[in-house]
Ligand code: HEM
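Just one chain is shown here, as structure tokens, and it is the form predicted on its own.
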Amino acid sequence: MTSADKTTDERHLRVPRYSGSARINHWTVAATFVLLTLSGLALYLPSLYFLTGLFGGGQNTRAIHPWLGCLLVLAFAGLFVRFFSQNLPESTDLTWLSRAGKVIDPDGEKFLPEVGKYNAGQKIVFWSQAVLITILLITGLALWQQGLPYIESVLGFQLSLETRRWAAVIHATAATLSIVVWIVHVYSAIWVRGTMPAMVEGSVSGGWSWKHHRRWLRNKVAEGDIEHTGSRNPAE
């Protein structure tokens, strides 16, 4: 195979990465997270109170925010069930983390171990958000004024004012950390060229797969789960 043939092959080789339902699930989480961030910041920081205008005012924002939180929990639970097994820790994760600095080097990935569908960095994002969203759910329920009577009836006792104050502090801290993790996630998706089509089109190029997730690509090839698109004629 000539170099031209190889280049054309890589361009037209598409590897399915996410199904349509997985992408809908992902973008639901993303949209809900952004709305929660905007409404939460509006309620938390006086300087950003003007953001309540996006939700019809302060009262509407306070009423909508908890329901958005419930939607986020349900949507993220869908992602968790889908990708839990692929984000379990592996022995190669420690090696990847110890050499993570090589990622910024254009040719640095050759020094990293072959990884499956997700590398150690992506796994940290996944588990961080899983933990933080769980904390946000628990503390958010304690702060939900409209739903608190029902929650307390289920618990069988009333939450003290001191408990709710601590819930507010923990909720704000977890939200801040979750936003930071989200920013890292978005930046990484943009910075690593060829990543965005995975969640937009559902597939990635063969070259991208070979460079970043080689073990996952080997499994896909073994399963026959790849396709060619367009012409494979280098002259076209």
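Counting begins at 1, following the sequence as shown. Being a predicted model, the structure only gives us computed values, none of them experimental.
Another form exists, predicted in complex with the named molecule; not displayed. Remarks below refer to it.
- Contact with the named molecule in the model of the complex, defined as any heavy atom within 4.5 Å, is confined among 44-52, 59-67, 195-203, 169-177 to 195-203.
- 79 is the sole member of 148, 100, 79, 71 with a non-hydrogen atom lying within 4.5 angstroms of the named molecule in the model of the complex.
- When contacts are judged by a 4.5 Å heavy atom cut-off, residue 35 does not count as touching the named molecule in the model of the complex.
- Taking the partner from elsewhere, residue 133 is found to have a heavy atom lying within 4.5 Å of the named molecule in the model of the complex.
- In the model of the complex, the named molecule lies within 4.5 Å of some heavy atom of residue 122.
- Using a 4.5 angstroms limit between non-hydrogen atoms, residue 184 is distant from the named molecule in the model of the complex.
- Residues 83, 87 of 81-96 are found to place at least one heavy atom within 4.5 Å of the named molecule in the model of the complex.
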